[in-house]
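What follows is a pair of forms of the same protein chain, given separately as structure tokens and numbered structure 1 and structure 2.
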Structure 1
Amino acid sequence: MATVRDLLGDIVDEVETVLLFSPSSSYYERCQEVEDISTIVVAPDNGVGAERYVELPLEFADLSERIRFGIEGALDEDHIEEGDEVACATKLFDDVIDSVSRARAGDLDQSGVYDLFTNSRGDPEVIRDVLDVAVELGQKGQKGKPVGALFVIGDAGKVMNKSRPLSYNPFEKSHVHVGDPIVNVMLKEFSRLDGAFVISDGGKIVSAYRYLEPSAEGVDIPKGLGTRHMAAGSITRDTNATAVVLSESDRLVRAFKGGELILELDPEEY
């Protein structure tokens, strides 16, 4: 009689590398005791002190996104090589690791999300902080009403040249950065009015209320999205900036880079 283990054990057959997504330290320790495997921890922080580690900038609600990010990160950090068979152990329904997927490194489509964080002009923490603000704004809205917002991160000089002010700039001469709790409150407050926030590579808020005037020629954004998203897509093709948009109408958060939609998040799932 075959057992469930015979049937499902195939998933990890001849696998030499395990990617552990956000393991507890006891789980990580148990993994260290397994012979002939190399372990890579993929998590928001390296609390377990893993030797091989990939930082996860956000907890992807979509499991395949999370796994692709981990594998791309492990490849980029040279923890694994293309063609390696890896097992990915993740939390899906529970707060403990409850699922395993097998993949061959390099075979999955590039997600673009890893690239968004590692190869953008803006620092990865700045992009993450802006995504956090957009997600929070999407969850809460402005006094309960849905609100839209547009953040342009990186290459700020060029972005300023391709835009003009709609109103006085409340951040003129100030030296404030995203991620600072007070600033996050300000960003949410100012998002009631029109236009875009312009943020430097390092996270300094350069301006609010900018009307972007990039050329939209040849920019292909999904149908149904309006001028805010078109402006976001276009500015990232005209400059090396990354754009993060919260939609007032469908309440999703999207990121654009190089003129393309890279990431779509539902704030309700975070």
Structure 2
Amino acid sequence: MATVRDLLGDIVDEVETVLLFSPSSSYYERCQEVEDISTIVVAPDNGVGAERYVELPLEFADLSERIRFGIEGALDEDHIEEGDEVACATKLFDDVIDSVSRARAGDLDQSGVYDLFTNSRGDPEVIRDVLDVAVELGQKGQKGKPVGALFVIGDAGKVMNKSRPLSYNPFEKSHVHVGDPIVNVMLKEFSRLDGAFVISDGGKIVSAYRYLEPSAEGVDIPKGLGTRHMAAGSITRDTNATAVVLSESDRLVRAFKGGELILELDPEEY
């Protein structure tokens, strides 16, 4: 008679690498005792002293996004290679690891989310909050109509110096931060008008309605994208900022850093 172990054994059969998401020290030590298995810890900090480690700046509520982030990070850090079969041990219902899933590294579309969160100047929570606003705008639009928007996060002083106002700045004397539900509603409302939002490393909204000069020199963006994307690439080329763009035409959300496109996602799949 088959046992549960027999039925579920295929999940880890021939797996050579295990990604442990925020494991306890005792769980990590038990994994280290397993022969012929490489262990990678994915966590906010490396409290267990793992030799192979991927920093998790946020505890993604969506389990699939958490796993995608861990695999992208492990690939980026050269802990695994394309085609490797990996088992991902995660916490789903409790404070201890209680779930295991299997994936082939490289089979998941590279979203660029690891690069966006770990290599940006802005705080990861701020990046996430801005991304959430852009995604929701992409899903719902403005009063049912598609809308475009540009958010520039980090290195705000330099960004302000390299841009100019298109209109009165409604945030000039305020001290509001992205992530506040009321502020997020304001951002969505102001997105109907031209110009970029400038947001500090810590999430303070410095300005709206900023004009960024689009320049193709030294900027690598796909053909077919317009001036909003060109401006995003240009400002990230000239500063240490990260730019998040919602396209009015195709409703995709893209992020730029260092003059290059690093993330592209469909809000309907996010």
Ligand SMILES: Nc1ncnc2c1ncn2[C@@H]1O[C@H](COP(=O)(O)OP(=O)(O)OP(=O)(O)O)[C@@H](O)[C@H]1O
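Start at 1 and count along the sequence of structure 1; that gives the residue numbers used here. This structure is a prediction, so every number in the text was calculated from the model and none was measured. If you superpose the two forms and keep the largest set of C-alpha atoms that fall within 1.5 Å, you have the rigid core.
- One of the two isolated chains is the form predicted in complex with the ligand, namely structure 1.
- For Ser191, a C-alpha deviation below 2 angstroms is recorded between the two structures after rigid-core alignment.
- In this overlay on the rigid core, Ala231 has a C-alpha that sits less than 2 Å away from its partner position between the two structures.
- Interdomain rotation between the two structures (smaller rigid part relative to larger, C-alpha based, rounded to whole degrees) is 60°.
- Shown is the Cα shift of Phe69 between the two structures after rigid core superposition, which amounts to 2.6 Å.
- Core superposition places the Cα of Asp95 17.9 Å apart between the two structures.
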